[in-house]
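In the form predicted alone, a lone chain appears below as structure tokens.
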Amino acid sequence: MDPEQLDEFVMGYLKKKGFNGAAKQLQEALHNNNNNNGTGSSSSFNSTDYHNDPELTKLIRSFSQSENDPTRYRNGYSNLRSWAYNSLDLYKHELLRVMYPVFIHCYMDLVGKGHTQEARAFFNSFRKDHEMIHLRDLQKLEGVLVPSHLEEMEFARSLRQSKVNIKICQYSYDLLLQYLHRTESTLMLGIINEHINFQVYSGQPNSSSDDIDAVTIVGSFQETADHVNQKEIQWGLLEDSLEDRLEKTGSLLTDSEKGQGESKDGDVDDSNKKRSTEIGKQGSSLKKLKKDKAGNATAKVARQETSTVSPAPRVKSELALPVMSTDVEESILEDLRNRVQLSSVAMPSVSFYTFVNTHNGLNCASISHDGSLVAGGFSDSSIKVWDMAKIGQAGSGTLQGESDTNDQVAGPNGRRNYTLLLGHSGPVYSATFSPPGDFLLSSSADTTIRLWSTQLNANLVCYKGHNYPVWDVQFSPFGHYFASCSHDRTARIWSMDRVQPLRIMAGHLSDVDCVQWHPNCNYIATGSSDKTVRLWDVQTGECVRIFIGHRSMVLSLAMSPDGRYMASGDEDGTIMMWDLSTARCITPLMGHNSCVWSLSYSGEGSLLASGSADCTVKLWDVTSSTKLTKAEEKNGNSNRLRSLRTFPTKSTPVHALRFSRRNLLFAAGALSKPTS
């Protein structure tokens, strides 16, 4: 090996491993040595001895050969893993945060160097350590088998280009560095130095569940998110909306006026007679219940809480919104006037619709805005719609799904007590009612979206555009427009009168699992399996916010009525509440122990309801979460969203939730056999 080649090799090795200081000193020493040799003076750094020392050359060559030794990765990771698991319990959970990024980068380095068999053996040996939290990421990495996959797969490429931010206390950080230097684990030290940023804080380590930001991704993707989040958005309510009219006129009815209004609901329209009467009774009984429970004190607290929230700004719509019919407008205004004010001391009543005999075939459920219609989407490609007024007349209180006998699904006249809608050729994954309840949208694994008339009980339009299964579809708050999302990693904006999408939103790195409209219809939010939530401008199709913080796929979204906040629920049972203007998480919400399938804000925005696969409905106090005291702001304590009440079901995972306009909470789910 020539002296110049040896110098270059040593210099490159030091820089590759992150020893920039040593590389700089070596470069200065070589420079000084060359100068000294030119002037004839002696030097302690003898270039000739250095280059011709056979032992040193042999040592450097052994390092060069060991660079390609795949067993170094297994041995280095195994030793680091054993040390972390044998550490004191006080520091163990912080030290274990390092293991997952080291694991995935060891695997990708082995694949990148062509050691496919060794990489698979390494992956299978240690994957169980990380399956509980990172199962879906591991399933994606399983497909990385050859070096070309590292560049072709967006997920793998983003991991290699980004760094992981890990919060760790000073003592845990010192313990890790001492171990790496003591054991001369240069390979592990190099991976940690290249792919992990440590945020070191003083004091005792936090518990593993206290800080949702303990492990976050930074790098090129984080820089992109920070750049996107600088864009200005208009999160306020629409000018001249129905809520705006009520606020300007102050037309809140007294108790006697509410009773008169409810008694006149049936005179508006024959087709709405049963529904209006039904909801009038529900609103009346709910109002009396609140009065019995809390009296005048409750009303005072509710008024105080609503008055402390600053009014939302008013914005103009970027979409040409449909004209609302007079009958529908009067019905909505009547509901808004009779809305029950909820708070932490004035809780809502919950009406739960249970599907029975579904044989695990129910994929989704949807409830109309007034609770009068309930729809279920099934694995056999069918959709079934129940009219609650008819079920009440028939005396049945349950919703029959798939059944082996016709007698169980028949009403007293021998006819089905539900409407069967057939048209899809694959499992139905989502259904949503239009605001007036006259239309129903459904999406399916057959890649299509279908529009149904609840009055004609017929399919009107089939929308084709997605290339893969469509996971979710949602009507806009004013109807006519709707949004869909799919396995093809896109979301699309549609209108009822066009069979082609108006906008295509592309940017997520994995499936887009859920979609939700902003109250002013100028934005939609999407939740994805890439663990992010994005906010899109409907007019331009651009992404204007990226919300990073979830540790698993995002399954549900909800917007606050004033458009200021957004809630998102994930597969692990975590709910995060976001400020749309800053794209920051106000507070993580822990309580569910399984997937959060549905979220809904109450009409005035003071309560958040969540429905989960753990068979519970939870109510959370939103108002207190946004009011931080000076002491809490100083201490940085943001975990203030508190659970007010939990409604357990017997054995019914909660598929759907909706607050009616009068603040009655509806929920739906399929009865399942309890696991032994």
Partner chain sequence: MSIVPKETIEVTAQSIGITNLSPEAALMLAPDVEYRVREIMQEAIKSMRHSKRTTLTASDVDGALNLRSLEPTYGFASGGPFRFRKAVGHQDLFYTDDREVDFKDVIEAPLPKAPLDTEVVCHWLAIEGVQPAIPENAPLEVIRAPADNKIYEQKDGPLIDVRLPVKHVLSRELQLYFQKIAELTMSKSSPALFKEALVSLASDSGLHPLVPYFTNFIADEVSRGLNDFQLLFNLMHVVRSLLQNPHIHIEPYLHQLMPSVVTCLVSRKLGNRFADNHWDLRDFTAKLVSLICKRFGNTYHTLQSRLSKTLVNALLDPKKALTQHYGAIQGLTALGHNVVRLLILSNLEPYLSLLEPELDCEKQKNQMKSYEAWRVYGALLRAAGLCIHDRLKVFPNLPSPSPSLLHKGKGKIISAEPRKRKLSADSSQNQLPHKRLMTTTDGLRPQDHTGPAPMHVDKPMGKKGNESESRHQNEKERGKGRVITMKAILGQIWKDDLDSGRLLVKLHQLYDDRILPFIPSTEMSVFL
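Rigid core: the largest C-alpha set superposing within 1.5 Å between the two forms. A quick note: this is a predicted structure, and the numbers were derived from the prediction, not measured. Positions refer to the first chain, counted from 1.
Absent from the display: the form predicted in complex with the partner chain. The rest refers to it.
- Although the partner is absent here, residue 31 sits far enough away that none of its heavy atoms falls within 4.5 Å of the partner chain in the model of the complex.
- The shortest heavy atom separation between residue 176 and the partner chain in the model of the complex exceeds 4.5 Å.
- Not displayed here, the partner chain is approached by residue 143 to within 4.5 Å at the level of heavy atoms in the model of the complex.
- Though the partner is left out of this view, residue 139 does reach within 4.5 Å of the partner chain in the model of the complex, counting heavy atoms only.
- Only one of 363, 185, 587, 454 comes within 4.5 Å of the partner chain in the model of the complex through a heavy atom, and that residue is 363.
- Screening 573, 477, 469, 236 for any heavy atom within 4.5 Å of the partner chain in the model of the complex leaves a single hit, 469.
- Proximity to the partner chain in the model of the complex, taken as heavy atoms within 4.5 Å, picks out 144-152 from the listed stretches 540-548, 195-203, 177-185, 144-152.
- In the model of the complex, the partner chain lies within 4.5 angstroms of at least one heavy atom of each of the following residues of 331-365: 347, 348, 349, 350, 351, 352, 353, 354, 355, 356, 357, 358, 359, 360, 362, 363, 364, in sequence order.
- When the rigid core is held fixed, the Cα atom of residue 464 travels less than 2 angstroms between the shown form and the other one.
- With the core held fixed between the shown form and the other one, residue 107 has its Cα displaced by at least 2 Å.
- Relative to the superposed rigid core, residue 145 undergoes a CA displacement of at least 2 Å between the shown form and the other one.
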